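Just one chain follows, in the form predicted on its own, and it is written as structure tokens.
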């Protein structure tokens, strides 16, 4: 008999969600295809831009492939793990979030394991393909530091986006119908992270470099891997502080989540 641990109920919930999605194979295949097309379309957008310009923000097309791969790998992984937190307003409006409160498990952990959208895995595949081409086409000085930078970008980039999803979910306890506003920081941040931050005006560099630090997920690691200098205000060495950027986002997420859950008064049912 398998040993029962604190993670057993979470694994059981996730396994049931996976089985439910695979039960209807045609629908599951269509979901995978649609998600794949979204990723391919975003990649095609990058190709169209560089069909008209040679360099953007100091990066050529090969460097942008590396940037796009790192950015989309981090965002798609976070979206797969916790992207469904954006359904929290639906639970709040229906009053069903109250059911999570009565269970002897942490609310955030329950919500994180309440769903897992396997269709989002195809976007990770697109990101990995772009990353593979980006790593093979660029002249990279391979060494332990380069490998470490790739791991830091993948792990802590995912953590940064996961923290942003949690921040956005925490704000729903106050906004309820404000998901479009918070999506501007999650999905908008994902789009901003796939662009070279050097093209941003100074205020946006401040926002996406430090306040919502998505520049740490791909742009700064790309500069570090390629050995390129950073623009004013975003020096390349900052890429090694990506774990601190993730800690900043999760610190903010923890405060907002604690504030939001204490503010929630129930669905009234």
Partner chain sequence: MRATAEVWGRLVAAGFRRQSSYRLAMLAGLATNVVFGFIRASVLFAAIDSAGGSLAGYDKGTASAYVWLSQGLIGAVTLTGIADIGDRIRTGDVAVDFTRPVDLQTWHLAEDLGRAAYSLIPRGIPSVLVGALTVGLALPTAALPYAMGLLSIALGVTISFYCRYAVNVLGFWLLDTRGVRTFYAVTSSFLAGLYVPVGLFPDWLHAVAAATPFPSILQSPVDVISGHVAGADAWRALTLQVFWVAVTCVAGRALTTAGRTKLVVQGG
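Numbering follows the first chain given and starts at 1. Not measured: the values here are computed from a predicted model.
Not on display, but discussed next: the form predicted in complex with the partner chain.
- Taken together, the three residues 52, 180 and 191 all lie with some non-hydrogen atom within 4.5 angstroms of the partner chain in the predicted bound form.
- The closest heavy atom approach of residue 30 to the partner chain in the predicted bound form falls within 4.5 Å.
- In the predicted bound form, the partner chain sits beyond 4.5 Å of every heavy atom of residue 244.
- Taking non-hydrogen atoms only, residue 184 approaches the partner chain to within 4.5 angstroms in the predicted bound form.
- Shown alone here, residue 206 lies farther than 4.5 Å from the partner chain in the predicted bound form, counting heavy atoms only.
- Of the candidate stretches 66-74, 44-52, 231-239, 217-225, only 44-52 has residues with heavy atoms within 4.5 Å of the partner chain in the predicted bound form.
- The contact with the partner chain in the predicted bound form, taken as any heavy atom within 4.5 Å, belongs to 195 out of 122, 158, 166, 195.
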